[in-house]
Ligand SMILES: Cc1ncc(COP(=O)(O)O)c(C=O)c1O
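A single chain, nothing else alongside it, follows as structure tokens in the form predicted on its own.
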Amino acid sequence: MHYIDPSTGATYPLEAARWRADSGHYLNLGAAPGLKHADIDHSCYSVWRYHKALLIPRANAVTLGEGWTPLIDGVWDRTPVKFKLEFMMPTGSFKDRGMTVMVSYLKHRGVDHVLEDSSGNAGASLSAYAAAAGMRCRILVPETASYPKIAQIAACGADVVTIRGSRQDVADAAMEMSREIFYASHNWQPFFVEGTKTLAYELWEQLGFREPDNVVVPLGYGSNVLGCERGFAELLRNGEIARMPRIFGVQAANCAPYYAAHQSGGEALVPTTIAPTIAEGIASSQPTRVAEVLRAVRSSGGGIVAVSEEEIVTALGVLARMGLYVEPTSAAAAAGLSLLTKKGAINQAETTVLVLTGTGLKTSERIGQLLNLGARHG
């Protein structure tokens, strides 16, 4: 295993922690051997039950018990669906799945001070895992980030810095600060995707060691898309599944650079209008691994759709009345599934997984406003 700069083909050893190549380009990890049925560590009910596929000794794991989240049966818009409850993680979002692996690697390589930019969930996750690892941590967030997320980050001991402007302005500020502190960005450091690939392993195991037909995820930077592609591809190479599932990414129409690029048929971003969205977790106007996310979706036979703010709010309310209290970002994926079923891209006879990535508890005040909620006086 080694780092690879996909723009030049240059490789770098894993012994020295990196977040980008000498060229300034992002890095990927080389192909990993993956996992076979017999390699599962049945003594462990977390991401680390798949440690033989992660190439990090379990003894070096910085873990809070993340992973092995529930997969429950339900119906969405008259279509049978399996809800993957990724919001039931230690810090309330799927980010813990990637963060446990990335932080474990960085600590093992001697990194003791980390920097991240985040709309909230990634920062909350990194601050928690950095605390567990004994690392110092600085998180840059938009000044519009929800206060409960900022409080969660600060409570774990991180240095929280609010940045005025858009989500991209926050990322740009982090780039400047990376000259002083190791930039442990979940969008740049590839061991994060090495962690998110365990979503594919869990779905495979929870479905009786078979692949689903469709996986529907919210799409911001694309770590769930890339994680699913990497994990299922490893299972396919090892003969553990018969074919790749179709991967569908859902964006908010107000901020949908991947959707615009997908519609163009190319592999690069195209000019598109960007506006604020209630789905703050996927409000990424300039994602990093554009070509790879597009290729992952297309090669799987899946696609990318965009949903309106109104569709997100409607899905948010319906999910809550089903007992699934999630943030608007997760509701965007549910709204996207409605669109995919109406278009006939997904049908009722297929096994479809809807990934719900973040808890509504972090955005309750905003959810109350969106759903016009209030207590009755008795």
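Please read these numbers as outputs of a predicted model, since none were measured by experiment. A residue's number is simply how far along the shown sequence it sits, counting from 1.
Missing here is the form predicted in complex with the named molecule; even so, the following discussion is about that form.
Per the 4.5 Å heavy atom criterion, the named molecule in the predicted bound form is contacted by stretch 352-360, the sole one of 352-360, 365-373, 5-13, 19-27. Using a 4.5 Å heavy atom cutoff, none of 97, 198 and 229 lies near the named molecule in the predicted bound form. 282 is the sole member of 282, 153, 101, 307 with a non-hydrogen atom lying within 4.5 angstroms of the named molecule in the predicted bound form. Taking 221, 204, 182, 76 one by one, only a single residue has any non-hydrogen atom within 4.5 Å of the named molecule in the predicted bound form, and it is 221. In the predicted bound form, the named molecule sits within 4.5 Å of a heavy atom belonging to residue 119. Contact residues in stretch 320-359 (any heavy atom within 4.5 Å of the named molecule, taken in the predicted bound form) are 327, 329, 330, 357, 358.
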